[in-house]
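We begin with a single chain expressed as structure tokens, specifically the form predicted on its own.
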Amino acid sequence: MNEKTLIQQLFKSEYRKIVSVLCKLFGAHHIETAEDIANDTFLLASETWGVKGLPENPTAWLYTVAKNKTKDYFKRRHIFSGKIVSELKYSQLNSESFEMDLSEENSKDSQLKMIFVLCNPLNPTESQIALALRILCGFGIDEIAVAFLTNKETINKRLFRAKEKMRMANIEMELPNSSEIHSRLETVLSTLYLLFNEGYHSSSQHSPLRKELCLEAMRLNYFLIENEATNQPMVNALMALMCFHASRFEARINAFGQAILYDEQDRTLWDEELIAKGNYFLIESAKGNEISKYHIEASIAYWHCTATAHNGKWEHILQLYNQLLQIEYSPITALNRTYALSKVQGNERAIEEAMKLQLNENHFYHCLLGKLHSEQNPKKAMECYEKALILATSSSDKRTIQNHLKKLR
């Protein structure tokens, strides 16, 4: 492995640890200082390793440099004796005796607290996701811009505004207390849920599935499960949902990068181990009295992962969609329910319900109508798919729709 590839991998895995540990040490409102130190560390690695070759232990090398750069920063800017020392939890430290604890235990604790810092309702949801991608997932600005279908300048401004709000609010680097942990968890889970969905139903021009976003959402969610205070039923329910969806990764995309519809997926490509893990977390999520939207969505995903011939499968899914719509109405949820309705009561009944939704600007809506009309009215189905083709924005979605049209011609 060359030094460039290794540095990219280490940036993904170690950047978040360095930033989180530094923020835990001298406050989340100094997040930009922590990022500067981490960025300088990786910049030096790219400059040094390309000339002198890879060190024996690259990770340890990064940690040592990060510690030294932190000491140098304190000395150079006199921050240690001025702005920061009074805010340090361990104020007896000085620039000579300072030790940056990058042990696994402290790193995990710091990252867990950082999740709550970044997923703070103080900032809008898109800013929370952008912060999480940048600091906790080690994504570059270019990658974040692609995920949001925007440009680098917009992302930089969004990140700057979000961090400025956090600085002005003097947000603490700590877990919420017991009285507010539940409500704060809802905000965190909402961010992780949207992050996973952006990967699972990617708006990228290149692929309808971005596994790296999904896997980062799962990794961050697992941090919550590992901590006793945050290991709550809805956290396990979201983890179950992610596992069930992730189990079908390999079956969802063909060799040309096109999405494969559920009915056409090769079941032998489903990951049985992930399905088993999903079952485990779904059982864990039942250890409580609450039923969140994540519980119901995980249950729907569970039924999707069962054998097609299972008696009552689609009846169960339809009833779960009915329940989900009562908890939190969403036009997309209603659209997904229509598909389940077609399996239980037939295409004509489903078309009647779909027409009531009037999601005329949504290409998925017209795709579903196209599928429902395909058997009885191919001409109408083609009209629906042609509308969907006009509305679709990604090249992968357009190719998928074009394939449907070819089959009808």
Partner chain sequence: MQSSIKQWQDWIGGIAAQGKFVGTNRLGFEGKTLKPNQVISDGPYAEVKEMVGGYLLVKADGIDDAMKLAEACPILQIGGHVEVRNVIPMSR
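Numbering follows the first chain given and starts at 1. Only a predicted model underlies this, so the values are computations on that prediction, with no experimental measurement involved. Note that the rigid core is defined as the largest set of C-alphas that superpose within 1.5 Å between two forms.
Not on display, but discussed next: the form predicted in complex with its partner chain.
Engineer: Work out which of the listed stretches, 325-333, 279-287, 184-192, 229-237, brings a heavy atom within 4.5 angstroms of its partner chain in the model of the complex.
Structural biologist: After filtering at 4.5 Å, what remains is 325-333.
Engineer: Scan S292, S127, Q319, Q111 and let me know which has any heavy atom within 4.5 Å of its partner chain in the model of the complex.
Structural biologist: Exactly one listed residue reaches within 4.5 Å, namely Q319.
Engineer: Only one of E180, D266, E315, D72 gets a heavy atom within 4.5 Å of its partner chain in the model of the complex. Which one?
Structural biologist: In short, E315.
Engineer: Taking 4.5 angstroms as the cut-off for heavy atoms, does L357 touch its partner chain in the model of the complex?
Structural biologist: So L357 counts as contacting its partner chain.
Engineer: Does the 4.5 Å heavy atom contact test between R337 and its partner chain in the model of the complex come out positive?
Structural biologist: Although its partner chain is absent here, R337 would touch it in the model of the complex, with heavy atoms inside 4.5 Å.
Engineer: If we define contact as a non-hydrogen atom of the residue within 4.5 angstroms of the partner, is E353 a contact of its partner chain in the model of the complex?
Structural biologist: Within the cut-off, so yes.
Engineer: So in the model of the complex, is its partner chain close enough to Q345 to count as touching (4.5 Å, heavy atoms)?
Structural biologist: Yes.
Engineer: When you overlay the rigid core, is the Cα of L44 off by 2 Å or more between the shown form and the other one?
Structural biologist: Comparing the forms between the shown form and the other one, which are aligned on their rigid core, L44 does not shift its C-alpha by 2 Å or more.
Engineer: If the two forms are fitted on the core, does L359 show a Cα displacement reaching 2 angstroms between the shown form and the other one?
Structural biologist: It does, since the L359 C-alpha is displaced 2 Å or more between the shown form and the other one after the core fit.
Engineer: I want to check A28: does it shift between the shown form and the other one by 2 Å or more at the Cα, with the core superposed?
Structural biologist: For A28, whose C-alpha is compared between the shown form and the other one after core superposition, the shift is less than 2 Å.
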